[in-house]
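Before any questions on how it binds or moves, here is one chain, the form predicted alone, in structure tokens.
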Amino acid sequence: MAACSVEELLAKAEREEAEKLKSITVHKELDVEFDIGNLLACDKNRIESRDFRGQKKEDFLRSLARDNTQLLVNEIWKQPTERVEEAIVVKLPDSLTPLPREKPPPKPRPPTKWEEFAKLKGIQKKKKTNLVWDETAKEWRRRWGYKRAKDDTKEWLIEVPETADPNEDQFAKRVKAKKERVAKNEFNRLKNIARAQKIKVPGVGLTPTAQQSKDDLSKAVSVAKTSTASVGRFQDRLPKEKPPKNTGKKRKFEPLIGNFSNEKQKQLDMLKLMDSKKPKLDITKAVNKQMREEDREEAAAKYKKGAGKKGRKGNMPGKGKGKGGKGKGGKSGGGKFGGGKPVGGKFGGGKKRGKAGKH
């Protein structure tokens, strides 16, 4: 019995080992259809109900999924490969099965200014090694980051240049220059993002432009003055300097601790107004509104009347075939408009004919 049990255990261990180390070659009655672009495999082989019922459902499904996945992986590695950053990747072909999308496919990222310049000049990106030799430490160190080679921040002594101020702190100057570089890089990064999104770069009038207007310069001056600790309260002004425009008003808040009578009165007035049945009417505002509407209607009526007179033709005396031009009125009156009977009122002399040339 002991020998049988040992043999059974060995046979079970062999089966488990064989289960773990299955062959990569899988045989199917019908070939599995692949869509490598979508990493899709369609198995049209018939599933025998006896095998499905005889084995455990989970074991049968796990075995079937393993075989189909192995066939998909075999088909993937038949595609062309390349090495990218110490890793082997496969170039997938175009997908054959159209799949619906909730949103349209993302557009390719537009190139930055440096990428456009590099493409124009033919500059190619070269891969740099991460480690460089540090002469000071006599060892290989990282090119960037923590414990990098040629780390000038660890220097305890800095030589003062001949053109620099001898009393100037060179360590503080170096820290300030680094902060400015970091800020400039961050600003360029945000500009690239705004340019990719096709939106305007947010600014306060200090961004460099080709031609700055008067408003931009005044805004820049106001920003520079209010960038102090006192928000420009103690900044001196020029004799004829005008206050900045569109700066906004400072909000005022009631004190949190103190006399609450004003707040109580405001709340009571608001409740009284809400509880009143008749709405509060501002007579001055209502009268002004009515007067503006009347003036607008009167101006519209005058405009329509003037437009109607302007469109008529042939009403002027002395033109066309009217009586005032070559008729009776032409004998008596001198000048452009005759003084005959047909032309009376405004231009003619009526029944009483005047002297020639005087009207």
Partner chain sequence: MTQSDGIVKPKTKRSKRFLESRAPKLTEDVKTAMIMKGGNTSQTVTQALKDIYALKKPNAVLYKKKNITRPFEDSTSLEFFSKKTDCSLFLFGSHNKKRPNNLIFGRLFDFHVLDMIELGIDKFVSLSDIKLSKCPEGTKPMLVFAGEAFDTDNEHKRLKSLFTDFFRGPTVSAVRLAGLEHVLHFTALEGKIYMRSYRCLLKKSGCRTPRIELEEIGPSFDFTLRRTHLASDDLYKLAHRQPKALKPKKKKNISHDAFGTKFGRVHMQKQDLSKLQTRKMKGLRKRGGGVVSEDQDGQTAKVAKVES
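Positions refer to the first chain, counted from 1. It should be emphasised that the depicted structure is a prediction, and the values quoted were computed from it without experimental measurement.
Just so you know, the form predicted together with its partner chain exists too; it's not on screen, but the next bit is about it.
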- Message: Please identify, from 175-183, 216-224, 69-77, 123-131, the stretch that has a heavy atom within 4.5 Å of its partner chain in the predicted complex.
- Response: 69-77
- Message: Even though the partner isn't displayed, in the predicted complex is residue 299 close enough to its partner chain, meaning a heavy atom within 4.5 Å?
- Response: no
- Could you tell me if residue 58 has a non-hydrogen atom within 4.5 Å of its partner chain in the predicted complex? yes
- Message: residue 90 versus its partner chain, in the predicted complex: is there a non-hydrogen atom within 4.5 Å?
- Response: yes
- Can residue 305 be called a contact residue for its partner chain in the predicted complex at 4.5 Å between heavy atoms? no
- Message: Can you pick out, from 278, 240, 103, 249, the residue that has a heavy atom within 4.5 Å of its partner chain in the predicted complex?
- Response: 103
